[in-house]
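Next up: a single chain in C-alpha cells, the form predicted on its own.
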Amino acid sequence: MTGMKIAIVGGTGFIGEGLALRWARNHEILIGSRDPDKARKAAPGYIESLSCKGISSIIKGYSNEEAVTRADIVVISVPYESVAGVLGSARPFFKDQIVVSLVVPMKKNEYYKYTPPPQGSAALEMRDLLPPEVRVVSAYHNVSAKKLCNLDLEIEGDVVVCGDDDDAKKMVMSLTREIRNLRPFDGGPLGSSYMIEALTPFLLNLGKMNGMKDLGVKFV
C-alpha cells in the first residue's frame, strides 16, 4: 500500500501509541490531541522507540483538528465519553475520508458493562456525528494496547472490520495485514459493530475472573 497520512485522534493514549508504532514503518503518522503540545512532545518518543529497532519514521504531533485536516485516514482512539466533544470540534475539518472507530461505550462497576448509545453502537453514533461524505469503519476493539506498544511482540489475533463502504473496509483490512500476524475479517455492515464492541467488556470480565490479561480474539 502506498504510504498514507494516518491521523490518530487520541494518539497520546496507549492504543493510539501502539497503532502509531505499528504503522509508522510504512506511513506518516499524525498524532492528534486536544492539547497539541502534548502531541508534539509525544512524537519524538515514538520516533525514538522505532529508531532503536532500526526503523525510520515520520511522526508529528498536532491538535486534533489539524491532524484531521492533513490526513487520508483518521483513527478515533478516545474514550467514549469524549467522542461527542472531540468530533463536535473537529467536524468542520473532515472531508471525504475513512474514519476508523475503535471506541467502546462501557462502564465499570464490579464488572465491565457494554452501554451502547441509542443508535446501537459507538460506530453508528459516530457516523451520525460526522459529515455524510465520511466513510466510517469499525475495527481494533479487541486488540491489546499493551501488546501493540511492545515492538518485541508479534501480536497473534484477529480483527473484525465492519462498514458500509466496501472500499473503505478493504483499505482498513489492508492496514491490518501490515501488523504481522493480525488477520482481518469482514464483519459486514456498520450496523454489526455492536456485536464486536460488546466483546471488549466481555473479554475484560473474562480476564478478571480467570486471572488473565490482554486477551484478544482468534477464530479457529
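Values in this document were obtained by computation on a predicted structure and should not be read as measured data. Residue numbers here begin at 1 and follow the sequence given.
What comes next is about the form predicted in complex with another copy of the chain, which is not displayed.
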Of the listed stretches (49 to 57, 36 to 44, 152 to 160, 63 to 71), which one has a non-hydrogen atom within 4.5 Å of another copy of the chain in the predicted bound form?
152 to 160
Arg183, Gly187 and Asn205 each touching another copy of the chain in the predicted bound form (heavy atom, 4.5 Å)
yes
Would Phe94 show up as a contact with another copy of the chain in the predicted bound form if we use heavy atoms at 4.5 Å?
no
Verify the contact flag for Leu215: yes if a non-hydrogen atom of it lies within 4.5 Å of a non-hydrogen atom of another copy of the chain in the predicted bound form, no if not.
yes
State yes or no: in the predicted bound form, is some non-hydrogen atom of Leu19 no more than 4.5 angstroms from a non-hydrogen atom of another copy of the chain?
no
